[in-house]
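Given next, in structure tokens, is a single chain: the form predicted alone.
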């Protein structure tokens, strides 16, 4: 049974009627452009065909009642009496989005509904942004405001930054809000301007889940963000986005060694991401794959956010003749990698790479071919 039908059936069971709306918002995989978003740089993700789903109906009062099928849990809260959670839990994403929308002046009505999703949690595929954008879409369905992808992106990012205390950049929310079917989305994380590009003909994207999870790495993430900000201050610019490679090479001696490595990754990654756009526009799978490989090496050696499991699965993928290039994706330290492969060979590539990785590490991976999907949307509205 599809997730749409699962939440619909669960809604019937819980509320004894059909839902008024069903909404979805996708997770994402980033082809290239990692740890550049909070440096005002460029990223190149695609919205994947895994998503968070909510079946819901409006309420007459300003309350929200949510049943999570995945967590086997139920939460209820008042929109005019929101409490910041002591620690992050699934309902914190709902209260955070409600808080952020109201802080931005949106008048919200209540709803009740059933939530489920198939974006693996903690995998680096942004299950949190999917839930945030699905919640925002649910509020849109029952309230009186216009849907604007950029505004919802900023709203949901603020929920994660200021309500939940996760200092994330803009990419995850933007691609979940504005994904385009069958296209990757180049995002300028300063202006939020976007441009689409198709994958090279005859290629497919395979997600490589290492079977390992990141654990508590918020401190490492925040540390790297602070190092990037220190480098930008030393160069006298707003963000590392404003320094090109030639300028960096002239001035890198001004930075202490560790900060220099962090800055080198971000600045070179921005350059690779813009080259990836050119490669996709030309249909050059070889160049795109080479850029992905270079990105992984930079993340491993300069930004130091890879892990033994990520390195192993990337090495197994890159050793396969059907693979143009593979790299870790997401915040790092565990989770997923992504590979660009020959489309006809994608299933066989996945089997070979999974077997080789398991033999090398003992971990049980999950590999699956994905395709670019639409961003947050209402898939069903009664009447």
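Positions refer to the first chain, counted from 1. Model, not experiment: these values are computed from the prediction.
This next part talks about the form predicted together with a small molecule, which is not shown.
Item checked: Residue (of 171, 208, 134, 159) lying close to the small molecule in the predicted complex, criterion heavy atoms within 4.5 Å -> Contact residue from the list: 171.
Item checked: Distance check, residue 48 to the small molecule in the predicted complex, heavy atom within 4.5 Å -> No, residue 48 is distant from the partner.
Check: Could you tell me if residue 37 has a non-hydrogen atom within 4.5 Å of the small molecule in the predicted complex?
Finding: Looking in the predicted complex, residue contacts with the small molecule include residue 37, since a heavy atom lies within 4.5 Å.
Next item on the list: Tell me, yes or no, whether residue 221 is in contact with the small molecule in the predicted complex, where a contact means a heavy atom of each within 4.5 Å.
Entry: It does: once the small molecule is placed as it appears in the predicted complex, residue 221 has a heavy atom within 4.5 Å of it.
Item checked: Contact test in the predicted complex: residue 330 vs the small molecule, heavy atoms, 4.5 Å -> Because a heavy atom of residue 330 falls inside 4.5 Å of the small molecule in the predicted complex, the answer is yes.
Check: Which of these stretches, 255-263, 143-151, 180-188, 161-169, has heavy atoms within 4.5 Å of the small molecule in the predicted complex?
Finding: Result of the contact check: 161-169.
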